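Look below for two forms of one protein chain, each set out as structure tokens: first structure 1, then structure 2.
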Structure 1
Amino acid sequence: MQNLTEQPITAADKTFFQLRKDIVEGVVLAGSKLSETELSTKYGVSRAVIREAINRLESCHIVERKANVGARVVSLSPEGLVDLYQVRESLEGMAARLAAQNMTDAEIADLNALLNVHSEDVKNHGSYYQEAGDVDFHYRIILGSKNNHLIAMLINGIYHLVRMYRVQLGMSGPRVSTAFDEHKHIVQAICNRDGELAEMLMRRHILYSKNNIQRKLTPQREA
């Protein structure tokens, strides 16, 4: 299983990780066309390296290819959000239930420590930005499920597309402190080994997040 926090092994990995980060964070705009020539200049690598990165990004579901158009960054839309978050709610709810069963006491203690770090960011900066990988609350719980098929479906499947919506539309504003409190309740349920409650709280948390992002997306579409 891929660990998102490990260092890139090759120059191609480095380009892939950087381009993926730039897409997730909106530096490369959602819906924009990806030009191999322009990107090779921007990142200082060959077109072959860019082509490989684009192919890998397609498997992350954040880039799509269309006939006669070429490769584009996926667009963030209300319809796409609903489809994605229906799957996310179900799979991450299951992950939370399994994490309550399978995480070790030490892993749960680490999860609580992570929330303490996040608490300072929420209080001091009014935002809830989480880097990909081990410092991401949701990533920790997905790994904590200890179910390799579920981990693959989430981390190697929809994780970065979910992050596009979360980072660009969901990690600021009034919802920040509420989302953090929901995280605390989920961790408490995991700590109490209450898988049923952890699943319910995670599903509700993701539903609330979807509703929050949907409100931000809809005016953009109508403008």
Structure 2
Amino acid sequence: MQNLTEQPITAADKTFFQLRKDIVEGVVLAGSKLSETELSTKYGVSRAVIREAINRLESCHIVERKANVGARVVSLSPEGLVDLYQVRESLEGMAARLAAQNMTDAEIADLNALLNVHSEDVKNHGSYYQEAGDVDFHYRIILGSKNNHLIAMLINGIYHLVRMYRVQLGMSGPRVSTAFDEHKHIVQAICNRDGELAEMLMRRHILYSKNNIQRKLTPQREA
């Protein structure tokens, strides 16, 4: 996954992808400071390259920069999660509606095929599905919207932050098969070219997903 026409060309590209991956997967801790000199030795590139990578991460809302002070990785907070998922609900709901309207029959057939593969994955080794398959599913719907602004905002913008919450807070077991059923219903609505229903189902799907993560994030009384 993650090979969605995103091919690194320059050193800044590579560093950006690597650093983003390290942050999303928690190798670089949430809330930690990003020292330019430190990172430049760690990744073996000049500070200029690091600065460009950090600038790009800032526009994804993965890091926050203050002038003359430096950059920090964002902290994962319940408020941040709510804000993020509200936006995501709105944008991906819209993507589903547009996808029902704009995807070609061939693309919809492909999407159905993907679903069948996922069905096998869930039966065999259920947990892997969530990270790779779910992202792939959502990517296809987003691309199916054919709205370039929407695609850019979601894929280059907020999606990696979504992944950061999901990877670092984990997702519970029983929801895997439930989520798969929700995907099936969404695809069915798209097959029927029913944009309104697709949007509504996608919004609920994302809402459930948010509640699921929220349960992991909110009850931190035992800490």
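The first residue in the sequence of structure 1 is number 1, and each one after it adds one. Please read all numbers here as calculations on a predicted model, not as lab measurements. The term rigid core refers to the most C-alpha atoms you can superpose between the two forms while keeping them within 1.5 Å.
A.B. asks: Deciding between structure 1 and structure 2, tell me which is the form predicted together with a further copy of the same chain.
C.D. replies: Form predicted together with a further copy of the same chain: structure 2.
A.B. asks: Take the rigid core as the frame of reference and indicate whether the C-alpha of residue 155 shifts by 2 Å or more between structure 1 and structure 2.
C.D. replies: Shift of 2 Å or more: yes.
A.B. asks: So, does residue 103 move by 2 Å or more at the CA between structure 1 and structure 2, with the core held fixed?
C.D. replies: It does not reach a 2 Å shift.
A.B. asks: On a core-based superposition, does residue 112 travel 2 Å or more at its Cα between structure 1 and structure 2?
C.D. replies: Residue 112 C-alpha, core-superposed: shift of 2 Å or more.
A.B. asks: Core superposed first, then measure: what is the displacement of the CA of residue 68 between structure 1 and structure 2, in Å?
C.D. replies: Spelling it out: core superposed, C-alpha of residue 68 shifted, distance 6.8 Å.
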